[in-house]
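Only one chain is included here, represented as structure tokens and corresponding to the form predicted on its own.
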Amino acid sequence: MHELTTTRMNPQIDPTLHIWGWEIPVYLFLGGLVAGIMIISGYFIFKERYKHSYFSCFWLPHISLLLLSAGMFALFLDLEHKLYVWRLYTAFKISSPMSWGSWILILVYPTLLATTLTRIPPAFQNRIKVFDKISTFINQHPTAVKNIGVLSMIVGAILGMYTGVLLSALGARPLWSSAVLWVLFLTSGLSAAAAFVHMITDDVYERELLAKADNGFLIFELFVFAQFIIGLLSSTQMHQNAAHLLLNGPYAAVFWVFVVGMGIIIPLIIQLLAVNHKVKHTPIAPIMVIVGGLILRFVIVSAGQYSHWASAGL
């Protein structure tokens, strides 16, 4: 890790000099979104919906590969020594979040590739013969397909948890020193993924199911937020000051308006009305959830850097 990055990726070296840009929040958001998509598509594959041309099994794994690659590119842009990124795979450092993330991706990409082979879209059929043969073989063994679905859910959960662990492992930032940060990011990723599928699927069953699931994720996310804030307020003075950055400090307006209000409360109300057939399903609520999830990463990353111990008394 130290060979590849400057203090931007290791704020413990000097927490007062370098600030992460847009790359890390985007990476964390796309990683969480892909994690949620992997869990959702894995669930539907396990439930044997891969036998039909439903969106969740048919297109989601392919979209995930593109989104994850975009997230990895954002992370790559943040690296200082880009030509030496391969060195992350020459060793495994148990204390390095970047090392864990690098090796987790070794599991993510093959898992996504396996899920894409359960259903190859017609536009890609007969392009790469070996993929067609593997897909045919997999579909001849229903147990293998179900195992791929389970693997997708497990690896997706690990990826989603990692996006929060990456920050909480950096002890130089009081705001990130929370045992529930990984739960928050995993839940937010699931919510964004459910909203994404709800927004673009043309299948009524999937839209209804994922709208209901997203309502559950949003309610649970509010509960996790409460635990996150209470945990900080019940800790040291430095952690309390970090919590006030979100509650009534310089990040409070963005946090309450865009993360909690626009990203959770308003879409939750709209989707509750939609699933109870009081209003029609609309893409407005899912878009709010997705944008709110992205802003959440920007707020947590930015406020976390501001909350280093040297400024804890501000």
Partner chain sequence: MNAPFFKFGLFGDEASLIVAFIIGIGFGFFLERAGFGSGRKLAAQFYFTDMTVFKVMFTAIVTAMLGLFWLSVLGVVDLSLVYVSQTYLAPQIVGGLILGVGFVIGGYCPGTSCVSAATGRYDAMIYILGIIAGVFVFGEAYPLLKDFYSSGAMGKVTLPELFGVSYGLVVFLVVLMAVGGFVGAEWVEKKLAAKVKGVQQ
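Numbering follows the first chain given and starts at 1. Computed from a predicted model, the values in this text were never measured in an experiment.
Note that the form predicted together with its partner chain isn't included here; everything after this is about it.
Met262 is the sole member of Leu65, Leu272, Ile287, Met262 with a non-hydrogen atom lying within 4.5 angstroms of its partner chain in the predicted complex. Contact check for Phe46: every heavy atom lies farther than 4.5 Å from its partner chain in the predicted complex.
Contact between Ala70 and its partner chain in the predicted complex is not found at the 4.5 Å heavy atom cutoff.
In the predicted complex, Trp59 stays away from its partner chain, with no heavy atom inside 4.5 Å. Contacts between stretch 252-278 and its partner chain, counted in the predicted complex as any heavy atom lying within 4.5 Å, involve Ala252, Ala253, Trp256, Val257, Met262, Ile266, listed in sequence order.
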